[in-house]
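Okay, so here's just one chain, in structure tokens, the form predicted on its own.
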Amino acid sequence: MAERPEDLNLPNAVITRIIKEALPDGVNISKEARSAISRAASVFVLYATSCANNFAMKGKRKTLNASDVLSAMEEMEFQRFVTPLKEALEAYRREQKGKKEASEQKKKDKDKKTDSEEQDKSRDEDNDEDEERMEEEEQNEEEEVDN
């Protein structure tokens, strides 16, 4: 847990970026208003987390999951945000699945490349051994001819 109340505030850079994206061009915001929005956002996050934690505890879990957050939003009477949150969650899951599949494919390609390089190396070693064997046989034949 946070030791000081200031530790509970969201980073100012994040709040400023969100505010700028939400306001039309040419509209400014005072430091005082930015601070108030920042504190309100922090309180909202704490409240939503507390409500979501209650749902996790009811489920006898220590880990909050997406369904806990969605249930908390409904309990806090923010039903109109539930559908956009579900859509964002699905988009996030698709993105993560795509990243995971790309990572697995990259690993498979790397393994194939490694296997191919090992086969090439093994062939080269076999060829080197064959050449050495042939040279030895030629030397032995020359020695026999000389004798």
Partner chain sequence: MAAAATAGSGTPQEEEGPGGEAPASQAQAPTSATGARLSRLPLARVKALVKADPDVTLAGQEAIFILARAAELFVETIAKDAYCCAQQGKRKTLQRRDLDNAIEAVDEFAFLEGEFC
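Here the rigid core means the biggest group of C-alpha atoms that line up within 1.5 Å when the two forms are laid on top of each other. Quick caveat, the model's predicted, so the values are computed rather than measured. Positions refer to the first chain, counted from 1.
Beyond the structure shown, there is the form predicted in complex with the partner chain, which is absent from this document and is the topic of what follows.
Using a 4.5 angstroms limit between non-hydrogen atoms, Asp109 is distant from the partner chain in the predicted bound form. Residue contact with the partner chain in the predicted bound form: Lys60 places no heavy atom within 4.5 Å of it. Although the partner is absent here, Ala102 is not a contact residue: none of its heavy atoms lies within 4.5 angstroms of the partner chain in the predicted bound form.
Of the heavy atoms in Ser50, some are within 4.5 Å of the partner chain in the predicted bound form. Taking the partner chain as it sits in the predicted bound form, the stretch 42 to 67 comes within 4.5 angstroms of it through a non-hydrogen atom at Ser42, Val43, Phe44, Val45, Leu46, Tyr47, Ala48, Thr49, Ser50, Asn53, Lys62, Thr63, Leu64, Asn65, Ala66. After superposition on the rigid core, the Cα of Arg34 moves by less than 2 Å between the shown form and the other one. In the core-superposed comparison between the shown form and the other one, Gln96 has its Cα shifted by at least 2 Å.
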